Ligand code: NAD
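Encoded as structure tokens, the following chain is the form predicted on its own, with no partner shown.
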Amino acid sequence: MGNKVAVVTGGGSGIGAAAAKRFAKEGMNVCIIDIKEERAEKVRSEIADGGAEVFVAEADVSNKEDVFSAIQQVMEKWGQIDVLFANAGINGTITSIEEMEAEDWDQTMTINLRGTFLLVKSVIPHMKNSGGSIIITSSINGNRMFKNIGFSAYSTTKAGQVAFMKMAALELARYKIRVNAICPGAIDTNIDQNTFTQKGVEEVKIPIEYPEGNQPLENAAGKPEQVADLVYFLASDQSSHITGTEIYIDGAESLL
């Protein structure tokens, strides 16, 4: 068996890009899956400068054919998958429940939840014989924080991902496949590009004041590289007895 192989979705930016770079730095071959190939290619070129083996697959994670095609490309290239970082997702439409359109709700559910399911389903046959690690990007929202009014669809998908992770961890333990979730707080990424805030949310917002800000540990949002450190830990043998667990990485933000 050659280098370990990691698949990273949403790898063209933010946490996904940082994780892809960390995996490559640790000597892993990396497949970057992103809905925007040119964005992922930029990350690939940055990694390739360091000599790692990396390739890009363009895919919509909510599309079954796209996902299974991308995973098949990985198998044809390297013949194994050791790590899946199911990280792609959107904030989606931010509005009151009353004003939320069913189509907007469905879009967030489809990308965040269906996408996670399809990715996990697609790698199981390729991990069953030798084990592996699956890491899902959830959030403090929907799990330990509920004060982000307007994020009802997003928070529901993030809670759903944690429940799915625990179901998968138990079901896949017999194959030595570990499944865990990370729950970031505010991280300095570009996920706001996939956020569509509607006027209706202003009517239902509950004002909350934090005299000294809402980031107790560092007084700033976390960095993608800090999250990548956690992702690599969960991918590595250092976490060989950890499965079915959500880990918060938010500088105590969600404890306020």
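It should be emphasised that the depicted structure is a prediction, and the values quoted were computed from it without experimental measurement. All residue numbers are counted from 1 along the displayed sequence.
One more form of this protein, predicted in complex with ligand NAD, exists but is not displayed; see below.
Are all three residues 36, 154 and 186 in contact with ligand NAD in the predicted complex, where contact means a non-hydrogen atom within 4.5 Å?
Yes: 36, 154 and 186 each sit within 4.5 Å of ligand NAD in the predicted complex.
Of the residues 228, 70, 61, 54, which one places a heavy atom within 4.5 Å of ligand NAD in the predicted complex?
The option sitting close enough to the partner is 61.
Between the options 83, 74, 88, 123, which residue brings a heavy atom to within 4.5 Å of ligand NAD in the predicted complex?
Contact check passes for 88.
4.5 Å heavy atom contact, residue 95 to ligand NAD in the predicted complex:
Flag for residue 95 set to no.
In the predicted complex, residue 111 touching ligand NAD (heavy atom, 4.5 Å)
Residue-level check for residue 111: yes, a contact with ligand NAD.
Indicate whether ligand NAD has at least one heavy atom within 4.5 Å of a heavy atom of residue 180 in the predicted complex.
Contact check for residue 180: no, nothing within 4.5 Å of ligand NAD in the predicted complex.
Under a 4.5 Å heavy atom criterion, is residue 13 part of the interface with ligand NAD in the predicted complex?
Residue 13: yes, in contact with ligand NAD in the predicted complex.
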